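Shown here is one chain on its own, the form predicted alone, set out as structure tokens.
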């Protein structure tokens, strides 16, 4: 058959297939759907069933593993307490040059913020937070909480002396509240309901006429209503003294209290405001800076203001800087004092001692695992029980036992003196230092090295060593070139287990490590349970996590994570 004839036949066959496909359409499944669509539907259903099967485990991992880590990372940079507790002060300090003490406006903003924080009982939390950055600020905020009610008291007395109606809550409600809110509040008060009072709303335009007063009064009203256990109503409570301070500042600044386009307030209130506006020029002014200094001298010094300004952002790198012995100051990042540099030393010590413990575990665990894997099964099982025995004993008991054994008057020193290796007056110091930490943790973590090694060595056929020897290799050469390379996956698995467990241990170093044998984990535990500096603890934990990931990456690049086997 010629090529031209064959080509014509192929073309005719292709045209025939196209005509057939055009007449019959796509291939259909048994349910009448196109085969491709039916196949995709079946595969999608299989994927959904598989996802449903692993969903409980996936949710468990997200809740118990991923979520805590994400929360830790967030806490290491979160700093919203400053801006949320002192919002007006933070804004007032935005343009402060940190050369002189802030202006009276800033002190007034602090008075409004601090009074609300004291009523909400959160000023001590703020003091504790700032005390992490500047020692002594916690006590300043506590003392200020006790004296904040005195700020503005002088103006309150002068307004009330001018017109006793300023002392009445009804006067302020008539002046400040939205008429609709007044009706809603009256309807709410008329009914015996367990629902909370309607949230206070300002009258339209009052914040334009009296901006500071409206802001201070709204803070007062909403704080009263937000009281968790015994909420009060602004209709029954006299405003804070800081509200009178705000009214004095607004009227002194020339507020147009008689403007025709201002808020619709009662004629009596307008006249009262006009009377007060005319009288404030004769009031005895209050030096806010001096009043705060009377409460605590710290408010007349620069450090507290610099600290508030520096840590006013909702997110901060201050915790991470503190975790590496640096600090954030108005002038930039600086190193902390020499006597305060502890975290870098602890990180270095944690890494060095963890690697030392890991190395000792390899040296001690390898021959034990080799022996277990080459003994008869009955004997090796009995010895394996001895290896597992520490798992059945409390960690605290094992650590306490080492505390007894390693003392200068302990069993080991007595034995060394008895055999004559050390003199009685030169007993070894093996406890409350790094030696105690290394010895105790090596013993505790040794099973985590032996078990992966044993499970890998058990799978190495003895015939390989016999074959190597039959080919002329010595025992050492056969071990080095045949047996050892096959046991490397077990070494890798054991090293990862021991090292990661070592850097996170804190009970054993705390008991036997003393001052020089503790790890960074001990400081993390201290900040979580004692100092309550969770931000710094989270930053230290995040750095530790990053170090582990970097080492894991290096291990993968050098050894290969595929070589890690547990059996």
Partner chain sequence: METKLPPYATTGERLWFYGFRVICGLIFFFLMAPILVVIPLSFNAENFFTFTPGMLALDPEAYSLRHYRDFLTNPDWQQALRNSLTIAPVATLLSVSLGTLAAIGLSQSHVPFKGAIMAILISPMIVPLIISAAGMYFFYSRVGLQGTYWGVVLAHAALGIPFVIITVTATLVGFDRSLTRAAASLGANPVTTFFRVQMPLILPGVISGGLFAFITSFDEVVVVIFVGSAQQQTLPWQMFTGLREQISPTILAVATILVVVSIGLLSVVEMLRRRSERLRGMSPG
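Under this definition, the rigid core comprises the largest set of C-alpha atoms superposing within 1.5 Å between the forms. These numbers come from a predicted model, not from an experiment. Positions refer to the first chain, counted from 1.
The protein also exists as the form predicted together with the partner chain; that form is not presented, and the subsequent description refers to it.
S.K.: Given that the partner is absent here, does residue 525 sit within 4.5 Å of the partner chain in the predicted complex, heavy atoms only?
M.R.: Yes, residue 525 is a contact residue.
S.K.: So in the predicted complex, does any heavy atom of residue 461 sit within 4.5 Å of the partner chain?
M.R.: Although the partner chain is absent here, residue 461 would stay clear of it in the predicted complex, with no heavy atoms inside 4.5 Å.
S.K.: So in the predicted complex, does any heavy atom of residue 371 sit within 4.5 Å of the partner chain?
M.R.: Yes, residue 371 lies within 4.5 Å of the partner chain in the predicted complex.
S.K.: Can you check whether residue 58 is within 4.5 Å of the partner chain in the predicted complex, heavy atom basis?
M.R.: Within the cut-off, so yes.
S.K.: Only one of 424, 183, 94, 409 comes within 4.5 Å of the partner chain in the predicted complex by heavy atoms, so just point that one out.
M.R.: Result of the distance check: 409.
S.K.: Consider the chain as shown here, without its partner, and state which of 105, 207, 178, 71 has a heavy atom within 4.5 Å of the partner chain in the predicted complex.
M.R.: Exactly one listed residue reaches within 4.5 Å, namely 71.
S.K.: To test your reading of this chain, name the stretch in 400-408, 334-342, 84-92, 156-164 whose heavy atoms come within 4.5 Å of the partner chain in the predicted complex.
M.R.: That would be 400-408.
S.K.: With the distance limit set at 4.5 angstroms and only heavy atoms considered, check whether 378, 383 and 511 all reach the partner chain in the predicted complex.
M.R.: Checked in the predicted complex: all three residues contact the partner chain.
S.K.: Within 64-102, which residues come within 4.5 Å of the partner chain in the predicted complex, counting heavy atoms only?
M.R.: 64, 65, 66, 67, 68, 69, 71, 72, 75, in sequence order.
S.K.: With a threshold of 2 Å on the C-alpha, tell me if residue 410 counts as moved between this form and the one not shown once the core is superposed.
M.R.: Yes; residue 410 is a residue whose C-alpha shifts (by 2 Å or more) between this form and the one not shown when the cores are overlaid.
S.K.: I want to check residue 142: does it shift between this form and the one not shown by 2 Å or more at the Cα, with the core superposed?
M.R.: Shift at residue 142: below 2 Å after core fit.
S.K.: After fitting the rigid core, is the C-alpha of residue 447 off by 2 Å or more between this form and the one not shown?
M.R.: After core superposition, the C-alpha of residue 447 moves 2 Å or more between this form and the one not shown.
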